[in-house]
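Consider the single chain below, provided in structure tokens and representing the form predicted on its own.
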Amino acid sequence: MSPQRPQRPSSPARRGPSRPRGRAGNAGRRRHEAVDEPAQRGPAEEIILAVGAPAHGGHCVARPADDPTGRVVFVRHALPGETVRAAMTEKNAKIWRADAVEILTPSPDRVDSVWPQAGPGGVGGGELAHVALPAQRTWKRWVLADCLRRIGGPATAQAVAALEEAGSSGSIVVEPLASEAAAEASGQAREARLAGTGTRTRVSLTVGPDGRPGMHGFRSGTVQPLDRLPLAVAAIEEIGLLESSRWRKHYRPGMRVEAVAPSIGEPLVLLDDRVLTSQAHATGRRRVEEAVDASGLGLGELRYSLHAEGFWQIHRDAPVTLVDRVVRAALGQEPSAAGTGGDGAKALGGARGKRVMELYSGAGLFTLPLAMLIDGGELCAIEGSSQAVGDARRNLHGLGSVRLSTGRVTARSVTQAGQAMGKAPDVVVLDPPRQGAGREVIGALAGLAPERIVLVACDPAALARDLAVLLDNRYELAAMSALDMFPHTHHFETIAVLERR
């Protein structure tokens, strides 16, 4: 899958005993809830599979090795081109699912898992931990192209293929964030092998019946205890949530444990409705401070204050990368898929006085730099969480011409917000939840006729659906970039820039 050939595993040895898989934890703004399924009785049925292309959701499409035209099985923990022995985990009239439990013919892109507990029968949230990081990005590139073609339709796929950044392949490269790129380029084998670990500043756990914290099984309500948190930043690992007796006395079965490591100040731990310090002492502190380097936009360091349980991008590099990409795309003289840095003042010289609408605006990650750069312009933001809107008001204090509205983003609320602005917005920025904005909201947005739309999507299927509606409503795709903000999982972020025809 990748242009590089990672080290082949020492042997395709059979993995350990099967255990239920776990919940992904805090994989981003749109969390995955566990789904209870009937427990399987007796030994799992096994099948030898020839593994094909990746599918959206962290599976690969496979068929019986002795029957290339046989029933499709969606298999996890495998790689394209492999032959695996798989244990069936779900089998009904609509879909067959399986976990690869023995690798008979390994791919050159297979590596020793950076999180073995997320392997077959383990916890969720690390379904690509056995895949070399460059190959993970190729996997996601294939999935993005497939969703745009299959769900968005031929017109959407053709619009993407025509972009300069799609190149001769006609597909968008999924780019690493700064820390992964640096680790891979370091020349140090250990750093490269562990790239993508130690990046998450938010982690969610559940206390199991035995009082030990863990994560849920894949499509299961069973909590499996953990012995380490390899995707968490060092500040969270050092708290000792998994093994320290000082935490165990606070745990109760079923309790939610949320660890938050902000960029400013010490971590906090949320235990249901209680907040504790990193030393397990009760505290009245319920807010955290975050800093975002926006020097590439000419704004220096931005400061944000938000509730500890409020949403914030979880990869340590994500806020600065998204702020630079999205704001440049929204206010730059030309839409751009370029990275951070550059002459921000020159690139955004035409931003003053612009009318901007932002949907799903959260605590103001994009709202703050947008408001600072449109001095003399107008900004209207809509967010469904009253707590997030309160945080945004604090973060935007003193900035004029900003109207923050609390309420669901619907076709009606978008139309009303547009009418309140008097004139059509010059640009609309939207960062919807995992299911996307939807046909009605996108239709209302297109009805406002902004010159530019910047759509941030964390799900390629939802992106494809929303793009198709925009392309049917007099918009053309001007730029697209994809970011690997969730290494070792199947998730990634995409930014699409559209302009009115």
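All residue numbers are counted from 1 along the displayed sequence. A quick note: this is a predicted structure, and the numbers were derived from the prediction, not measured.
As for the form predicted in complex with a small molecule, it is not shown, yet the points below apply to it.
Stretch 355-363 is the contacting one of 88-96, 115-123, 355-363, 253-261, since its residues have non-hydrogen atoms within 4.5 Å of the small molecule in the predicted bound form. Checked against the small molecule in the predicted bound form, the candidates S305, S385, T283, S401 yield a single residue with a heavy atom inside 4.5 Å, and that residue is S385. Of the candidates V101, V233, V409, V160, V409 is the one whose heavy atoms come within 4.5 Å of the small molecule in the predicted bound form; the others do not.
Within 4.5 Å of some heavy atom of the small molecule in the predicted bound form lies at least one heavy atom of F311.
At a distance threshold of 4.5 angstroms between non-hydrogen atoms, P432 is in contact with the small molecule in the predicted bound form.
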